[in-house]
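Only one chain is shown below, in structure tokens, and it's the form predicted on its own.
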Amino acid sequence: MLGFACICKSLKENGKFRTVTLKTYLGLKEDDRLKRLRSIAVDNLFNCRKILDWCAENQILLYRFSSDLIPLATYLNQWQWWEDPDILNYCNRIKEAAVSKSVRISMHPDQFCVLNSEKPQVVESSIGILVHHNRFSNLIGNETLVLHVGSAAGGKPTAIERFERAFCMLDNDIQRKIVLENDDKTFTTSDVLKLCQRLHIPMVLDVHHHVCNPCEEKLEALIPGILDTWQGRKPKLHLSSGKSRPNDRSHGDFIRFEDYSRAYGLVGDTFDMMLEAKEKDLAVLDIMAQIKFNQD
């Protein structure tokens, strides 16, 4: 199963999301602030439903939601958006669509979520980000929050210990949704797999990150362990192509077919594949067309 994240370019305006900066929000008249937030949130959720419909129509049954659908949700406490009838209505529609159309959904909190930071205020803020994502996830039926281990300050062993401590501070409902991913600079596939095995949580394998930040073990030897972390659920794999060369950390516009073929050769249909390319859904359609061409 192939999928993509956030924006759907095929839908043009209905495939995009709006936001508002804190500076712009504070510059509005007080009476207009809530109206702006609600308007943006409702438009974003409406487009989410449109994207899920499009995904189902095009046999793309893996989709990752944007983290910014509810603007300023982790900065402001004035609006309890999760009690707003319009927001609840649209979240319900999203949940119904994902279930009825069998689209596997997920979320990936942004780079500001650093659970293992050395700074207590950053850890506190990161927990707040996860509380928000968990609240939204429960409304739309999402069970997967993908995270990186985070900061390497103080060395990897110390940083991993900080992650474990912070993880144990989380609510059980958040803990059971968390899935860890290897990154392209510090925490290798092997590092993350060992941590996932200790914490009994799933691991998402990012193949391109492994190319950029390899470990001593061969990837083929690690696949069975990664598979086991999912405890019977179908695992997920992230796939991208380097923009200018294989180990370029920047993602390319599309996925090179040789990169897809290599990843498929590793896992076959055992894993679902999230394609992380700048051209989003167009990159998925391109790979699907190349698969069909090579099968004919």
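Predicted model only: the values in this text are computed from it and were never measured. Residue numbers here begin at 1 and follow the sequence given.
Absent from the display: the form predicted in complex with the DNA. The rest refers to it.
Although the partner is absent here, C196 lies well away from the DNA in the predicted bound form, with no heavy atom inside 4.5 Å. In the predicted bound form, none of the heavy atoms of I160 sits within 4.5 Å of a heavy atom of the DNA. Looking at I7, you'd find a heavy atom of it within 4.5 angstroms of the DNA in the predicted bound form. In the predicted bound form, the DNA lies within 4.5 Å of some heavy atom of R249. This chain is displayed alone, yet in the predicted bound form one of D43, D53, D228, D68 has a heavy atom within 4.5 Å of the DNA; that residue is D68. The contact residue chosen from T144, Q175, S117, N213 relative to the DNA in the predicted bound form is S117, the criterion being a non-hydrogen atom within 4.5 angstroms. Only one of 215-223, 147-155, 92-100, 202-210 lies within 4.5 Å of the DNA in the predicted bound form by heavy atoms, and it is 147-155. Shown here without the DNA, the chain has K278, K280 in 263-280 lying with a heavy atom within 4.5 Å of that partner in the predicted bound form.
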